[in-house]
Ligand code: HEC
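Below, in structure tokens: the form predicted alone, a single chain.
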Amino acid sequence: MKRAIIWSGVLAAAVAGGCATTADRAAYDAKATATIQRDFHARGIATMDRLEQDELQLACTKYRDHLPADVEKRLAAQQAAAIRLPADGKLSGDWKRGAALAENGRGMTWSDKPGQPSGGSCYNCHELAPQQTSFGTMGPSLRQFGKLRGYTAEVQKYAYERIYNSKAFTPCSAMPRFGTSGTLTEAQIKDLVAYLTDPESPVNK
């Protein structure tokens, strides 16, 4: 997601002055690419590969997040195929660990050590539990997630897959591909699923 945000931000600024022709946009894209490559540098675990867009990110950049239906269908299927469900069949972990993880915004920055666990940063985009003092609104509220949807295996599977790779559902979603990217481990995703779907979790109170 971070790569998509970097590119989208620069490109949006480039076209903000008014409507652009295809030639104009190509020129803006080239200028944005040159600017990014000039100003971003490898440091710590933040290497230059973070600027490389995969096929999905390139498509979202090209179509400004409004994919043609056939492209969206193909890329969504591609992303769904990348989801790996737990081999042990268990989709839910410990909601208490999940709560701490959801409130942890640390990780994936140049100053982090290789292998250091990342946080989920869920509060940056979602309302989760009633005791939250602040939260982002970029994503939908997740209050009473399990209570509203049911405490079923199907709901757990949906939550796991959505956290693992949200782009399997909405290809140009701003939500990170936590599992596909390796940002969160299988165990961490299970804990977040528990936080959302366990009836004892504060999310469902």
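As the structure is a prediction and not an experimental result, all values here were calculated from the model. Start at 1 with the first residue shown and count on from there.
Unshown form predicted in complex with heme C; subsequent notes refer to it.
Shown alone, this chain has one stretch from 105-113, 118-126, 70-78, 83-91 that lies within 4.5 Å of heme C in the predicted bound form by heavy atoms: 118-126. Among 180, 33, 170, 144, the residue placing a heavy atom within 4.5 Å of heme C in the predicted bound form is 170.
Residue in contact with heme C in the predicted bound form (any heavy atom within 4.5 Å), chosen from 174, 59, 51, 46: 174. Heme C is not shown here, and in the predicted bound form it never comes within 4.5 Å of any heavy atom of residue 28.
At the 4.5 Å threshold, heavy atoms of residue 157 stay clear of heme C in the predicted bound form, well away from it. In the predicted bound form, residue 42 stays away from heme C, with no heavy atom inside 4.5 Å.
Looking at residue 194, you'd find every heavy atom of it more than 4.5 angstroms from heme C in the predicted bound form.
With respect to heme C in the predicted bound form, the three residues 138, 166 and 184 uniformly fall within 4.5 angstroms at the level of their nearest heavy atom. Using a 4.5 Å cut-off on any heavy atom, none of the residues of 38-62 reaches heme C in the predicted bound form.
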